[in-house]
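As a starting point, one isolated chain is supplied in structure tokens, in the form predicted alone.
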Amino acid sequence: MGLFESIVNTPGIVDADWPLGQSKTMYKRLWTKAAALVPVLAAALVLGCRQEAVKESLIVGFSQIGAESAWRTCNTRSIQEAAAGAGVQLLFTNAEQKQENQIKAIRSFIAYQVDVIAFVPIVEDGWENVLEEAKNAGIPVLVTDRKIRVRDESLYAGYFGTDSVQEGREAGYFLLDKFQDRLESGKAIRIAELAGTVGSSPAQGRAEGFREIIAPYSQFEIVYSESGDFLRSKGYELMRLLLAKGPSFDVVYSHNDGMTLGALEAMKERGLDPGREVVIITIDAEQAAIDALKKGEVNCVIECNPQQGPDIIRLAKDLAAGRAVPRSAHAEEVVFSEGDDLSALPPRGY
């Protein structure tokens, strides 16, 4: 006998309070129908829990520009590890340095109906159409590491990454301190600039911030500036050409460590003593650059922090929950220069 039948058939309990004019048979039928509903209600409850669990499993589509350096590899690893640690499903694509690949990836994320799209833009321009598609699909977009330039700022929710303009300023500040005596004497200080990818926000920001600081001093003269695409191989090629037939220079200002390491290799091949005969300023703070700083081959290393994953995933979760995120936020970064005690500096991890 089931639970409901046992209740309605128990003498002295149900009979004592049985409402007048109502048959026990009718109540038995009601109890039986209620009992039949229990499995249905239980199944609905389980289904609702499952749907809620699926809803809580955040899906983020992330498009990386490539794997051109140890810095980029570390940046990718940081994002992947942060997603895994937060229980976020990450759809990851490598654009292999091609904007068209990124646009295709973003469209695939839209088709998949991810909760949030995040990407590192190769260049600043050319994103309006695909971001309009994401907006129409109701998918928020987070721009990371590099910035974009669009007519409609509502096409993306916010930016998180490095402050390239400030990185350039830090390079300028170091030069002011390094060449204080020569500035007072009025002697020219010639600078060779190894620039990043044309049209990318890091290249533009690092050039802008650097010039902002040195502009008031006529002694500083940028005698050479060419793009090395942030690649070690191109840094090597540019320095070889510069040493073979270019103007003489006192300073190398390189927009990233990859190009710097290539340039150091070319300078050593020509018998130059980088860090002593020529002042070297570089940005990223890869382990190889820190090692070169310790050896005196580099004079200043400006950190560009690749460990952005935890912040990116946190912001993605906020966006998925409908919460507003800062329009622009930057990773914490430091500057390492000659004379610093680096003995306690932990391994960089990239």
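A quick note: this is a predicted structure, and the numbers were derived from the prediction, not measured. Each residue number is its position in the shown sequence, starting from 1.
Heads up, the form predicted in complex with ligand GZL isn't pictured, but that's what we're talking about next.
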(message) Please identify, from 261-269, 185-193, 68-76, 207-215, the stretch that has a heavy atom within 4.5 Å of ligand GZL in the predicted complex.
(response) 68-76
(request) Go through Phe109, Phe119, Phe230, Tyr253 and name the one with a heavy atom inside 4.5 Å of ligand GZL in the predicted complex. (result) Phe230
(request) Could you work out which of Cys304, Cys300, Ile313, Ala289 is the residue within 4.5 angstroms of ligand GZL in the predicted complex, going by heavy atoms? (result) Cys304
(message) Check Thr162 for me: does it contact ligand GZL in the predicted complex (non-hydrogen atoms, 4.5 angstroms)?
(response) yes
(message) Quick check on Gly235: any heavy atom within 4.5 Å of ligand GZL in the predicted complex?
(response) no
(request) Spell out, yes or no, whether the shortest heavy atom distance between Gly168 and ligand GZL in the predicted complex is within 4.5 Å. (result) no
(message) Taking any heavy atom pair closer than or equal to 4.5 Å as contact, tell me whether Lys178 reaches ligand GZL in the predicted complex.
(response) no
(request) Scan 83-111 and note down the residues that get a heavy atom within 4.5 Å of ligand GZL in the predicted complex; none is a fine answer too. (result) none
